[in-house]
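This document opens with one chain alone, in structure tokens, the form predicted alone.
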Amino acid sequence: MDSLKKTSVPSVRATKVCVVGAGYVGLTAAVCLAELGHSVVCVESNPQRLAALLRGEVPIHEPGIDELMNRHAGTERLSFTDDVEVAMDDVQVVLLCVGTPPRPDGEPDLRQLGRAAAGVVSAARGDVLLIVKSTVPPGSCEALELLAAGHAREGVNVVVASNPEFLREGQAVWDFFNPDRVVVGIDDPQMQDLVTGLYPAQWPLVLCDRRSAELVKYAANTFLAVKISFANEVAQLCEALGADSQKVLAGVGLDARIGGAFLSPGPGFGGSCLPKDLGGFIAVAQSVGQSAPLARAAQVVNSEALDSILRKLEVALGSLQGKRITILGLAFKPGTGDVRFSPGLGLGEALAQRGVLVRAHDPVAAPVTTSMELVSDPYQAVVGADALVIMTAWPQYRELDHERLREEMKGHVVLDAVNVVGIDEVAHVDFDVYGVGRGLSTDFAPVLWPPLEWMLDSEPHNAAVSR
């Protein structure tokens, strides 16, 4: 398995653990903790997902999980159930990995977390440590501790700790075994070793109070969102000036103080983390009287990325009414089937509202409800299309036969929102390629005039002054 080939799995002190929730975070945590040597019972309330897990099927697309499932499912290391009483038999450590989706005002909805905590605590026969893996605003662990204590049996002590996850979808297993940091927030020193003991001693540990741990996740994802939005803002400027954002941002990213990660322009960030956590960061700041102007600006820039793509299509095609447009890529990024806050899905819905006939292809993602026609083959998807828009940087799209695409298409417009199409590679094909952050030759004339004016010396000529 690629996720484990580059590292050996260290040993830990085996612990019996209950993991609540078998989504991206919970299922990854369950199989990886089993690989470390723990005995894990995973509670999943969704009947369809539980049935798939009991059959040995992985209900999410995440490289590496299937191999770990095959290795440990059905053994004493890993089991699945919907019975909390069974899951809590002789268990003291519980990982809460349920969803905290955003409400319309941006604040997280913590009801699933509250119900999950109440359920496991009610079933506990002895003291229980609740470890919150879900992303929650500061203060949530303290509130959850009060709530859970009200559901505990007499004599049962409840302690809540924060242990946020930092897993990237598509690389979650690799990230679990190769963490940048393990953040643990706990205010009870006697229970601290139960949390830290889940992980190998040599992994980098950040030990802090609960509020700080909760804020680390929000702050980290907000910074990534700001960085992506900055790249998109630079890209917009490059388009206006006739510059190349790929070259500009590559030069910026080589500065060790900045780094090149997340410094690429595109159709805006999506997924289950960055949009939600950015909104949560802003909501948390607002709740204590802070305006968070930098985070709000990142949110604005991200929302404008989709508008920029629509404007480019209107420039290239004129009226969009009745046009046929194909979208390649619906997952919010390559390597996952997740379409939550997907730019590709958002573009498809926006085009459909403008009277466009939209076809779409993605090698993994399959949205349940959409106004687009989903096609299983990318070449079939472009048949008769007036324009092609690439919204996810899947490796498969880099290898498409450009001449065949042109033969199947009616029009010749390609809008590459993720910069996977090399301009030189399609120079021999009758394509008009629009990218993100690349200016056209017609953009150069207007920006020459200000420098020329600045060069004109309105003062009497003096000897040059060096500096």
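The first residue of the sequence shown is number 1, and the count goes up from there. Small disclaimer: the values here were computed from a predicted structure and weren't measured.
There is another form of this protein, the form predicted in complex with a small molecule, and it is not shown here; the text below is about that form.
Only one of 79 to 87, 233 to 241, 364 to 372, 213 to 221 lies within 4.5 Å of the small molecule in the predicted bound form by heavy atoms, and it is 213 to 221. The closest heavy atom approach of Gly270 to the small molecule in the predicted bound form falls within 4.5 Å. Taking the partner from the other structure, the small molecule in the predicted bound form has a heavy atom within 4.5 Å of a heavy atom of Ser264.
A residue is said to contact a partner when one of its heavy atoms sits within 4.5 Å of a partner heavy atom; Phe166 meets this definition for the small molecule in the predicted bound form. Ala381 falls outside the set of residues with a heavy atom inside 4.5 Å of the small molecule in the predicted bound form. Across the proposed site, Arg311, Leu351 and Ala387 without exception lack any heavy atom within 4.5 Å of the small molecule in the predicted bound form. Proximity to the small molecule in the predicted bound form, defined as a heavy atom within 4.5 Å, holds among His72, Arg296, Arg324, Lys333 only for Lys333. Distance criterion of 4.5 Å from any heavy atom to the small molecule in the predicted bound form singles out Leu274 from the list Val358, Leu129, Ala148, Leu274.
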